[in-house]
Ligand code: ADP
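Form predicted on its own, single chain, as structure tokens, below.
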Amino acid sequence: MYINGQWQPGAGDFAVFNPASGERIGLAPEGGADDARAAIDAACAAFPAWAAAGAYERSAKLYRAWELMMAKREELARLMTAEQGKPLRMALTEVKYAADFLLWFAEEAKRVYGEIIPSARADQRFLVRREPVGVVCAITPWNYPVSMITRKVAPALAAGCTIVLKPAESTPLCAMAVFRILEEAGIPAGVANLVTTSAPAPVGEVFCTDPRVRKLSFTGSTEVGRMLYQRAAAQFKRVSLELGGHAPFIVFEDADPVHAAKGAAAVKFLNTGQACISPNRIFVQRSIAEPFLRTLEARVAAQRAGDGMDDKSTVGPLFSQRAIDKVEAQVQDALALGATLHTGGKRLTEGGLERGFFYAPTLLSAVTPAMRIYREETFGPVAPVILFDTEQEALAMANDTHYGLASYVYTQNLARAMRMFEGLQFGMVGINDINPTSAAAPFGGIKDSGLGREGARQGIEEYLETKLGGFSI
């Protein structure tokens, strides 16, 4: 673990495994509640000096971290593929995305502005100042084990906060590599701290209940996010939550069905479907269903599952047996209730794949609201297609979910595009765009998909408090 500028052991070590082969690839320190408290001690001690440091000083440290991450891009990507499983070229893309947050917030550190507000009194002046919220604790997921770290750490440090981070228990090695970069970049001792553990509950409890922690940032499941939110509420901590999604992908009859199907396949099987913005329900207007399904089936069937180090692999493994079980249960439930299987629909166990958690890229049609896959987030390589007849019907079905993270619309009708953008109850809407994300764009959802935004200028605002000064002169 990395606490107060020192690499430290835990009570023991826990093993880290490659989900494609089942092989042990390393060990990580087993941290606990005491380590979390020690990290918070360090963050508290380091906070006054870091908060008082000039914006240009903080910016320079983040800029150096960006340079180092880009220089180590290949090394980080290979570690990510071994630990998380995604194909190497996708891991390389993620490292670049992760580095983008370091660069973006290196610049945003210099753009934390105040205000002067006119007063009705001639002898009074109002000044507004933005100040760092304080010590931050963050919890990051396994599916994007590098970029989800920088998306939290970079704005926190840019704002002048200090931070303690707990990475996912299945991907601690990537987190350790990121913190070595922060150390090499010259981030002062205690400003950025890392606690690894295979048993997250005690660490999470400290994060929620220690009164010195003024903000909690979490990316993960809605179930865990709700629990953390409830625990943190007792102390009125600031909370940011990026939770689950159940993204609709809507294709209207005026869209090119072949182009739309290619887009759907690209984003659906991104990270083996293990992305919170992955389309979970693909709504297609009935009149273009045949060419859309024909193209999508060909695209899905052409996907190749395998070890991410193999250049021919386009999808990697799921992250656990539990993930395989969930996908299998959803597919079998859909088939039992009348869905049509076009391709896939089974676990892959041939050619050495039996050692990992591989599920065949799958396409289902004739999906209905009675099926589990229509209601539940899948987080796997299954594309369910639902037909619709009218725009109003598509909008109603798309919004028929407790989630509200990402959504997608394919149409060439500008008026319809605007109506869908305004009518969809989701924090992000891609119009003919399967990647409406960037370090410069606000990322986040509504409803059960979370609170707050990451990235963009809104990302640093999550780590700032507003202070008013009233001066009588």
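We number the residues from 1 along the sequence you see. Only a predicted model underlies this, so the values are computations on that prediction, with no experimental measurement involved.
Heads up, the form predicted together with the named molecule isn't pictured, but that's what we're talking about next.
Asker: Name the residue from Phe269, Phe292, Tyr144, Phe218 that puts a heavy atom within 4.5 Å of the named molecule in the model of the complex.
Answerer: Only one option qualifies, and that one is Phe218.
Asker: Give me the residue from Leu348, Leu228, Met90, Val367 that has a heavy atom within 4.5 Å of the named molecule in the model of the complex.
Answerer: Result of the distance check: Leu228.
Asker: Thinking of the named molecule in the model of the complex, which stretch from 355 to 363, 180 to 188, 161 to 169, 253 to 261 has heavy atoms inside 4.5 Å of it?
Answerer: Among the listed stretches, the partner-contacting one is 161 to 169.
Asker: Using heavy atoms and a 4.5 Å limit, would one call Ser240 a contact residue for the named molecule in the model of the complex?
Answerer: No - in the model of the complex, heavy atoms of Ser240 and the named molecule never come within 4.5 Å of each other.
Asker: Would Thr140 sit within 4.5 Å of the named molecule in the model of the complex, counting heavy atoms only?
Answerer: Answer yes; at least one heavy atom of Thr140 falls within 4.5 Å of the named molecule in the model of the complex.
Asker: Is there a heavy atom of Pro200 lying 4.5 Å or less from a heavy atom of the named molecule in the model of the complex?
Answerer: Output for Pro200 is yes: heavy atoms within 4.5 Å of the named molecule.
Asker: Any chance Arg322 has a heavy atom within 4.5 Å of the named molecule in the model of the complex?
Answerer: Taking the distances in the model of the complex, the answer for Arg322 is yes, it comes within 4.5 Å of the named molecule.
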